[in-house]
Each structure stands twice: as structure tokens, then as C-alpha cells.
Ligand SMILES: C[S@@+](CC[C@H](N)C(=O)[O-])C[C@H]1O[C@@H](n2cnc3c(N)ncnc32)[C@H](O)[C@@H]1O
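Single chain ahead, written as C-alpha cells, the form predicted alone.
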Amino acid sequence: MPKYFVFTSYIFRKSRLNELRSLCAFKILDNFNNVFVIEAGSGLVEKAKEANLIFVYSIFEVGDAVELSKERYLYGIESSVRKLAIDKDVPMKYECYDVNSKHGYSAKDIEVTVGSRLENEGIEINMENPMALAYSVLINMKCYSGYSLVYGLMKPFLNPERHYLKAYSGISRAELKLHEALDESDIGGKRGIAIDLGASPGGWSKVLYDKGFKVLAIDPADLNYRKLGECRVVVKKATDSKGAGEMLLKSESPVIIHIKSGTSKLHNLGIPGKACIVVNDMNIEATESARSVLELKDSLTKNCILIMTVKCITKNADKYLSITKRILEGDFRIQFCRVLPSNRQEITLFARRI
């Protein structure tokens, strides 16, 4: 029977298992925090790609599994990869995910060593735009390896956190959450006015600014103006929110206008029906956060994209998600919800303005 390793949220244990059971019957062979190895029927990756999963982020098929020894650690990993049916004519990359590294090698060390040896054997390595992915997941001195064409995978990379770290500006690691969420929502060439709720310290505003948006950042706390130094930033008081909106409309280039206020004090942003995307990472209870979005709904275009993190005070994620959806559904069409690897303790909600 085929084996798979599954990336999930460690926090929501019960929910992740229930979601997986809705796809198939399975037997758990190994696990460590957010990754576990299962034995299940064939075609599980295809089933998962078609399902609207929340807690299971990605599933990769296992082609080989070996026990590792400290003396021949790298050799054991390399031998496992060599057993895979790698097509030498297909450009590929090799990735390693190590969930409990206590052996002196980083995942990067392993990738460089194994990747270089594969390249020496005539396998074409393409790190930027591969057509296939060879991978190893290391759990409890075991190596699980696999190989697949990229189009057959749920995700074109093994380790999302390292993938998105390339775009990290240094303001806040929360930036990684938004980079990941923007890829999931597929905003395409959409540009214009963006609203960032709970903007401090400015990481999400910076991401939107770099993508060409004119950003209205709303938060009573300061942004990290020093690290936003290369951006065009203007600070406004809550009493001048309409003036901030008018400035945004007149601007011909990306800008971040920071309104030092909470949403409850803002009655007129001066951008009626103009914002095409609103992002919300407010560090408050989920229902209050959702109501904050509704307070600004008159500033949003029809089909405006909403990306919002749902904070779960307890592990009863279904409860918080259900209430949050109910608050938003009169004004937004919920598209999907997902626990992202950069955001394992929260659920990211994606919706569009009706």
C-alpha cells in the first residue's frame, strides 16, 4: 500500500485527523509535530488537490523509506534518493525537510551535498524553475524520500517557510504569512488601493507596497519607520482619515499612509468603494476582528479581496471559524480557509466583497 507524508498544523490535532479521514482510511506509521507519515490507498494526492482542505496543507508520496545511522547519515539519505525513479532528462531540484535535526547537519547542508552528487551523475538541476522535485523528509532517524513532476504536486516546493524567506524584509516574520496568502489567493495583476488592518509593525504594508499597491495602514501603534525607510510613508491622525484617503487617491505611485487609530474611530476614509484588497492580521479575538472589517466595508470595491487571519484562543478552531464566517457572510463570499505553514496557530480566511 502506498505511503505518504502529510504536512498539517500541530496545534489543531483533532481537526487535522478528521479532515484526513474524510479523504481516506489510513494508518499512521510515524509522526513528529506538524508532519506525519501514513499508509493509505492510491491517488491520495489527487484527492487532496480536489478537496477544499483547511488543516492539511500538503501531501507528498513516499517512494523510499530507510533507517539512518549517525555514522553514515548523509550516505543513507543519498542512497534513499538514488533508489527513486528520477528522469535524468527532466530539470529538477532536491529539497530536504528535517523536523528534528540533532545530527549536526542543516537541511541546506544535506541539499547541497545530495544535489551536487546528483548533478555529477548527469541529472539536470534547476533551482529556480524545476519541472520535477526530489525530496527527503527526516523524522526520528528515518529518511522518507520521493520524486514527482511539479504539476502533480499540491505545492511546487517542500518547505514553504524557506521558500518565502527569500522575500523577507526583516520588519516582521508575519510577512511570510502574507506572501503565502497572496500566492494562495492568486491576486494576479490586481493593483490599486489596499487597506492593512492591524498594520504594526508594518511588514504586511511593506509586502503590499512592494507589489505596487497604495496602502492605507491602520493601527494605533507605530510602524517600524526605520525599516520602511525606502518606502514613501506618511503618518496621519484618526481625525484626518478623510484627508489620508484623498491623498491616496491623488498619488500616482505606491505609498504607505499610516492612520494612527483603531477602526472604531474611523467613519470616513475618503475612498468610497475604492479599496480592491483588505488584509487583516489584527491581534484580537476573531469575532471582533471580523467586525472591524465590516466597519470599513463602504470603502471596498465589489469583489474586493479579503485576507484575514482568524485567531483561535483555544484549540476549538471550528467554533471560531464558524462564528467569523457568520459575521462576514452578509457582505462577503467566503472562498476558502486554510492553515498555512507560516501561520500554524491561526486560520487564514479568503473572501470577496459581495
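In this text the structure is predicted, and so the values were computed from the model without any measurement. Heads up: residue numbers just count along the shown sequence, starting at 1.
There is another form of the same protein, the form predicted in complex with the named molecule; it is not shown, and what comes next is about it.
The single contact residue among L149, A221, V234, L165, judged by any heavy atom lying within 4.5 Å of the named molecule in the predicted complex, is A221. For the options V112, L249, I125, I284, the one in contact with the named molecule in the predicted complex, meaning a heavy atom within 4.5 Å, is I284.
At a distance threshold of 4.5 angstroms between non-hydrogen atoms, L182 is out of contact with the named molecule in the predicted complex. Contact between G198 and the named molecule in the predicted complex is found at the 4.5 Å heavy atom cutoff. Of the heavy atoms in A174, some are within 4.5 Å of the named molecule in the predicted complex. At a distance threshold of 4.5 angstroms between non-hydrogen atoms, S241 is out of contact with the named molecule in the predicted complex. Comment: 259-267 is the region of 226-234, 75-83, 259-267, 141-149 lying near the named molecule in the predicted complex, near meaning a non-hydrogen atom within 4.5 Å.
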